[in-house]
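Below you'll find only one chain, the form predicted on its own, shown as C-alpha coordinates.
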Amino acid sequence: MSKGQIKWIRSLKDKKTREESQTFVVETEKSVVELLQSNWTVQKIICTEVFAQKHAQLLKKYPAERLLMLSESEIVQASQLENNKSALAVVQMPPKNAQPQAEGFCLYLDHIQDPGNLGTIVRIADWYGLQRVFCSLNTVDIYNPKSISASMGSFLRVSVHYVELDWLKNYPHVILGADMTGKNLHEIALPAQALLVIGNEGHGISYEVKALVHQFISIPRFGEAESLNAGVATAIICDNWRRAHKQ
(Lines give C-alpha, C1' and ligand atoms only; values in the text may rest on other atoms or scores of the structure.)
Protein backbone atom coordinates (compact mmCIF):
# COMPACT_ATOMS: atom_id res chain seq x y z
CA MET A 1 0.00 0.00 0.00
CA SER A 2 1.44 3.36 -0.99
CA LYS A 3 1.99 6.25 1.39
CA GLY A 4 -0.55 8.20 -0.66
CA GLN A 5 -3.25 5.56 -0.06
CA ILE A 6 -2.50 5.48 3.66
CA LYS A 7 -2.61 9.27 3.78
CA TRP A 8 -5.99 9.32 1.99
CA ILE A 9 -7.54 6.76 4.34
CA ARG A 10 -6.25 8.61 7.39
CA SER A 11 -7.55 11.90 5.94
CA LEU A 12 -11.08 10.54 6.36
CA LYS A 13 -10.80 11.26 10.08
CA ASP A 14 -11.56 14.89 9.09
CA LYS A 15 -15.24 15.76 8.70
CA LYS A 16 -14.64 18.02 5.70
CA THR A 17 -12.89 15.25 3.76
CA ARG A 18 -15.61 12.77 4.65
CA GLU A 19 -18.33 15.14 3.45
CA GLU A 20 -16.52 15.99 0.22
CA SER A 21 -15.96 12.34 -0.65
CA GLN A 22 -19.20 11.08 0.97
CA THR A 23 -17.18 8.24 2.46
CA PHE A 24 -16.06 7.16 5.93
CA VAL A 25 -14.01 4.39 7.53
CA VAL A 26 -15.18 1.38 9.53
CA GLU A 27 -12.52 -0.40 11.59
CA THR A 28 -11.87 -3.59 13.59
CA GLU A 29 -12.78 -7.15 12.65
CA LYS A 30 -16.18 -7.23 14.40
CA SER A 31 -17.44 -4.00 12.83
CA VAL A 32 -16.13 -4.81 9.34
CA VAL A 33 -17.76 -8.26 9.47
CA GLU A 34 -21.12 -6.70 10.43
CA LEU A 35 -20.67 -4.20 7.62
CA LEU A 36 -19.99 -6.94 5.07
CA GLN A 37 -23.19 -8.68 6.17
CA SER A 38 -25.22 -5.52 5.54
CA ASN A 39 -26.42 -3.89 2.32
CA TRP A 40 -24.24 -0.77 2.72
CA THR A 41 -21.99 0.11 -0.22
CA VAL A 42 -18.36 -0.79 0.52
CA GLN A 43 -15.81 0.88 -1.72
CA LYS A 44 -12.65 -0.74 -0.37
CA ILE A 45 -11.83 -3.56 2.03
CA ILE A 46 -8.34 -3.50 3.51
CA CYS A 47 -7.43 -6.51 5.61
CA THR A 48 -4.83 -9.07 6.56
CA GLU A 49 -4.58 -12.44 4.83
CA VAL A 50 -5.77 -14.07 8.06
CA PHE A 51 -8.96 -11.96 8.00
CA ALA A 52 -9.50 -12.75 4.30
CA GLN A 53 -9.20 -16.49 4.87
CA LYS A 54 -11.42 -16.44 7.96
CA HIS A 55 -14.19 -14.49 6.22
CA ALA A 56 -13.75 -15.77 2.65
CA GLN A 57 -17.49 -16.42 2.23
CA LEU A 58 -18.37 -12.81 3.05
CA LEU A 59 -15.69 -11.45 0.71
CA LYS A 60 -16.81 -13.57 -2.26
CA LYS A 61 -19.45 -11.05 -3.33
CA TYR A 62 -16.90 -8.24 -3.73
CA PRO A 63 -14.78 -7.86 -6.91
CA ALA A 64 -11.04 -8.37 -6.48
CA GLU A 65 -10.24 -4.70 -7.13
CA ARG A 66 -12.12 -3.73 -3.96
CA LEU A 67 -9.97 -5.97 -1.79
CA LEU A 68 -6.48 -5.07 -0.62
CA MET A 69 -4.52 -7.40 1.67
CA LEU A 70 -1.86 -5.93 3.94
CA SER A 71 0.29 -6.96 6.87
CA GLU A 72 -0.76 -6.17 10.45
CA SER A 73 1.83 -3.39 10.63
CA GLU A 74 0.46 -1.77 7.47
CA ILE A 75 -3.10 -1.98 8.83
CA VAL A 76 -1.88 -0.20 11.97
CA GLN A 77 -0.35 2.57 9.82
CA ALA A 78 -3.65 3.14 7.98
CA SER A 79 -5.83 2.76 11.05
CA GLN A 80 -7.07 5.58 13.25
CA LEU A 81 -7.66 3.22 16.20
CA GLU A 82 -4.89 1.85 18.38
CA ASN A 83 -6.32 -1.66 18.69
CA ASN A 84 -7.04 -2.39 15.03
CA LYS A 85 -4.66 -4.85 13.36
CA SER A 86 -6.99 -6.88 11.15
CA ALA A 87 -9.32 -4.90 8.86
CA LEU A 88 -10.85 -1.62 7.83
CA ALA A 89 -13.23 -0.59 5.09
CA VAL A 90 -14.00 2.60 3.18
CA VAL A 91 -17.77 2.95 3.00
CA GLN A 92 -20.14 5.15 1.04
CA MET A 93 -22.49 7.31 3.12
CA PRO A 94 -26.19 6.61 2.58
CA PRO A 95 -28.25 9.37 0.94
CA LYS A 96 -29.59 11.99 3.33
CA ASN A 97 -33.31 12.18 4.01
CA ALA A 98 -34.43 15.80 3.61
CA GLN A 99 -37.57 15.29 5.72
CA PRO A 100 -36.93 12.48 8.21
CA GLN A 101 -39.99 11.21 10.06
CA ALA A 102 -39.97 10.48 13.79
CA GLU A 103 -42.13 7.47 14.60
CA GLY A 104 -42.60 5.85 18.00
CA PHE A 105 -40.06 6.72 20.68
CA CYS A 106 -37.02 8.56 19.31
CA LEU A 107 -33.98 10.40 20.64
CA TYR A 108 -32.91 13.98 19.96
CA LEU A 109 -29.30 14.78 20.86
CA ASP A 110 -28.66 18.44 21.57
CA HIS A 111 -25.02 19.50 21.06
CA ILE A 112 -23.46 16.17 22.09
CA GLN A 113 -19.73 16.72 21.58
CA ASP A 114 -18.01 13.49 22.57
CA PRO A 115 -17.93 11.07 19.59
CA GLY A 116 -17.70 8.15 22.00
CA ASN A 117 -20.91 9.29 23.71
CA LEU A 118 -22.69 9.59 20.36
CA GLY A 119 -21.65 6.11 19.26
CA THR A 120 -22.63 4.67 22.64
CA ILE A 121 -26.08 6.31 22.47
CA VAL A 122 -26.63 4.88 18.98
CA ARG A 123 -25.70 1.46 20.37
CA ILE A 124 -28.16 1.97 23.25
CA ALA A 125 -30.89 2.95 20.79
CA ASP A 126 -30.19 -0.26 18.88
CA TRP A 127 -30.35 -2.33 22.08
CA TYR A 128 -33.79 -0.97 22.95
CA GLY A 129 -35.14 -1.25 19.42
CA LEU A 130 -35.20 2.44 18.55
CA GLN A 131 -34.75 2.96 14.83
CA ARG A 132 -33.99 6.68 14.64
CA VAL A 133 -31.78 9.19 16.43
CA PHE A 134 -32.07 12.89 15.60
CA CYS A 135 -29.26 15.36 16.25
CA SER A 136 -28.85 19.11 16.37
CA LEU A 137 -26.54 20.45 13.68
CA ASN A 138 -23.83 21.14 16.30
CA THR A 139 -23.75 17.54 17.51
CA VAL A 140 -20.57 15.62 16.63
CA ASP A 141 -20.56 13.70 13.34
CA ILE A 142 -21.81 10.11 13.46
CA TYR A 143 -19.16 9.22 10.86
CA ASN A 144 -16.34 10.33 13.14
CA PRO A 145 -14.12 7.20 13.52
CA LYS A 146 -14.63 7.18 17.31
CA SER A 147 -18.42 7.42 16.92
CA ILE A 148 -18.46 4.53 14.46
CA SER A 149 -16.19 2.47 16.72
CA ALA A 150 -18.27 3.15 19.86
CA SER A 151 -21.49 2.20 18.08
CA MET A 152 -20.12 -1.36 17.65
CA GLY A 153 -21.97 -1.80 14.35
CA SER A 154 -25.25 -0.26 15.54
CA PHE A 155 -24.90 2.61 13.03
CA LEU A 156 -25.89 0.00 10.42
CA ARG A 157 -29.34 -0.43 12.00
CA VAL A 158 -30.12 2.94 13.60
CA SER A 159 -30.54 5.87 11.22
CA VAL A 160 -29.00 9.13 12.46
CA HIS A 161 -30.40 12.42 11.12
CA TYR A 162 -29.06 15.95 11.59
CA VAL A 163 -31.93 18.43 11.65
CA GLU A 164 -32.54 22.16 11.90
CA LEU A 165 -34.28 23.63 14.96
CA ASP A 166 -37.39 24.13 12.79
CA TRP A 167 -37.70 20.36 12.50
CA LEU A 168 -37.96 20.15 16.29
CA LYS A 169 -40.47 23.01 16.35
CA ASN A 170 -42.68 21.05 13.98
CA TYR A 171 -42.45 17.74 15.83
CA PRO A 172 -46.12 16.78 16.37
CA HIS A 173 -45.94 14.74 19.58
CA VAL A 174 -44.68 15.07 23.16
CA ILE A 175 -41.13 16.34 23.62
CA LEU A 176 -39.46 15.14 26.82
CA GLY A 177 -36.27 16.64 28.19
CA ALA A 178 -33.80 14.85 30.45
CA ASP A 179 -32.97 17.37 33.18
CA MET A 180 -32.04 17.07 36.85
CA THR A 181 -34.81 19.51 37.78
CA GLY A 182 -37.47 17.47 35.99
CA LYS A 183 -40.20 15.22 37.36
CA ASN A 184 -39.18 11.85 38.79
CA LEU A 185 -39.03 9.32 35.96
CA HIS A 186 -40.56 6.67 38.22
CA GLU A 187 -43.66 8.75 38.88
CA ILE A 188 -44.82 9.48 35.35
CA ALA A 189 -46.21 7.50 32.42
CA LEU A 190 -43.87 7.72 29.45
CA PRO A 191 -45.89 8.03 26.23
CA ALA A 192 -45.41 5.46 23.47
CA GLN A 193 -44.92 8.25 20.93
CA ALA A 194 -42.41 10.85 22.09
CA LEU A 195 -39.08 12.51 21.47
CA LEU A 196 -36.51 12.38 24.27
CA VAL A 197 -34.00 15.25 24.32
CA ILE A 198 -30.54 14.51 25.74
CA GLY A 199 -28.45 17.62 26.31
CA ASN A 200 -24.79 18.55 26.08
CA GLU A 201 -22.42 16.69 28.42
CA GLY A 202 -21.40 19.82 30.34
CA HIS A 203 -24.24 22.28 29.91
CA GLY A 204 -27.35 20.19 29.45
CA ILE A 205 -30.14 21.16 27.06
CA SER A 206 -29.65 24.46 25.25
CA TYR A 207 -31.95 27.42 25.91
CA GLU A 208 -33.49 27.27 22.42
CA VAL A 209 -34.34 23.58 22.74
CA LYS A 210 -35.54 23.89 26.35
CA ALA A 211 -38.19 26.33 25.15
CA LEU A 212 -39.69 23.53 23.03
CA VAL A 213 -39.75 20.79 25.70
CA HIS A 214 -43.23 19.89 26.99
CA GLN A 215 -42.10 17.96 30.07
CA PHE A 216 -38.77 17.61 31.84
CA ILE A 217 -37.95 14.28 33.46
CA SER A 218 -35.20 13.27 35.85
CA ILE A 219 -33.61 10.05 37.06
CA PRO A 220 -33.95 9.85 40.86
CA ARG A 221 -30.64 9.98 42.71
CA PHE A 222 -30.05 7.92 45.85
CA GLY A 223 -26.33 8.53 46.35
CA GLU A 224 -23.93 11.45 46.12
CA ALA A 225 -22.81 11.37 42.47
CA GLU A 226 -23.07 14.80 40.87
CA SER A 227 -24.41 13.64 37.51
CA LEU A 228 -24.70 10.77 35.02
CA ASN A 229 -22.94 10.28 31.71
CA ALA A 230 -25.19 11.13 28.74
CA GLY A 231 -25.15 7.55 27.52
CA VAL A 232 -25.95 6.11 30.95
CA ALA A 233 -28.86 8.52 31.40
CA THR A 234 -30.18 7.64 27.94
CA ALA A 235 -30.05 3.90 28.72
CA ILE A 236 -31.92 4.29 32.02
CA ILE A 237 -34.72 6.32 30.45
CA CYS A 238 -34.96 3.99 27.44
CA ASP A 239 -35.18 1.01 29.77
CA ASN A 240 -38.06 2.62 31.68
CA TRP A 241 -39.83 3.41 28.42
CA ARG A 242 -39.34 -0.12 27.07
CA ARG A 243 -40.69 -1.69 30.29
CA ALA A 244 -43.83 0.45 29.94
CA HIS A 245 -44.24 -0.45 26.25
CA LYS A 246 -43.16 -4.08 25.90
CA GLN A 247 -44.74 -4.78 22.53
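Numbers for residues come from their place in the sequence shown, where the first is 1. Just so it is clear, the structure is predicted and the values come from calculations on it, not from any experiment.
Only in words, not in the display: the form predicted in complex with another copy of the chain, which the text now covers.
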Determine which one of 97-105, 69-77, 83-91, 121-129 lies within 4.5 Å of another copy of the chain in the predicted bound form, judging by heavy atom distances; exactly one does.
121-129
Since only the chain is shown here, I'm wondering whether residue 154 would be in contact with another copy of the chain in the predicted bound form (any heavy atom pair within 4.5 Å).
yes
Residue 3 versus another copy of the chain, in the predicted bound form: is there a non-hydrogen atom within 4.5 Å?
no
Partner contact for residue 243 in the predicted bound form: another copy of the chain, 4.5 angstroms, heavy atom:
yes
Against another copy of the chain in the predicted bound form, would residue 12 count as a contact residue? Criterion: heavy atoms within 4.5 Å.
no
Partner-free chain; cross-checking another copy of the chain in the predicted bound form, the single residue of 192, 180, 56, 211 with a heavy atom within 4.5 Å is 180
Can you list, in sequence order, the residues from 210-228 that come within 4.5 Å of another copy of the chain in the predicted bound form, counting heavy atoms only?
219, 220, 221, 222, 223, 224, 225, 226, 227, 228
